[in-house]
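As structure tokens, one chain now follows by itself in the form predicted alone.
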């Protein structure tokens, strides 16, 4: 029995709220169980120096956790004057994941920054951020179309992410914190709606896991992301 009481192949309750931030060109608040992340997309009419004159855009991300996103207050990274290695790794993952489904030539020379701020953390924050950020990005591009900045939406497909792990050595889907902190293995899968793999992060917490168990985790991830893709489409009105 999982601590959450869910079936092995059950996601937590997923809620995607598009347009959650008034001033951003695109935004989405995503809730996966008790985990809640606000994703906003900001459009700028310029690109980093390494892309100037190349006629293509850039999609990047920043990630952070509010001080009381967890059960006790965490220090703001800005107050420390530097980001943790974990924060840098996660925001790079979010950026890579979104760029995998964007035709950057179709963007022209613009930058879209996805800010993913964790309001409440209960496991799977990076996965929720990727899933919600895709909605925010899609809406930002639609905003650019409405302003006649773009002729078409540069998004080429969907991307979403979900965690899986081994609980009592059996594959389970969408770990909350209680499961993630005690699982025999945990993994994050970033998959596209066309069936592609953007990234897989899988780690044994003790005894190594088998190839068969990894394939079992992948099967659950495919099922979970299929449900997330459906939720994304509903959120953008597709």
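Computed from a predicted structure; not experimentally measured. Residue numbers count along the first chain shown, from 1.
Below, we refer to the form predicted in complex with a further copy of the same chain, which is not included among the displayed structures.
A heavy atom within 4.5 Å of a further copy of the same chain in the model of the complex is found for exactly one of 183, 47, 173, 38: 38. Among the residues 147, 86, 152, 105, the one placing a heavy atom within 4.5 Å of a further copy of the same chain in the model of the complex is 86. Although the partner is absent here, residue 209 lies within 4.5 Å of a further copy of the same chain in the model of the complex, judged by heavy atoms.
When contacts are judged by a 4.5 Å heavy atom cut-off, residue 178 does not count as touching a further copy of the same chain in the model of the complex.
In the model of the complex, a further copy of the same chain stays beyond 4.5 Å of every heavy atom belonging to residue 16. Residue 226 falls outside the set of residues with a heavy atom inside 4.5 Å of a further copy of the same chain in the model of the complex. Along 62 to 92, these residues reach a heavy atom to within 4.5 Å of a further copy of the same chain in the model of the complex: 62, 63, 64, 66, 67, 68, 69, 70, 71, 73, 76, 77, 78, 79, 81, 82, 83, 84, 85, 86, 88, 89, 92.
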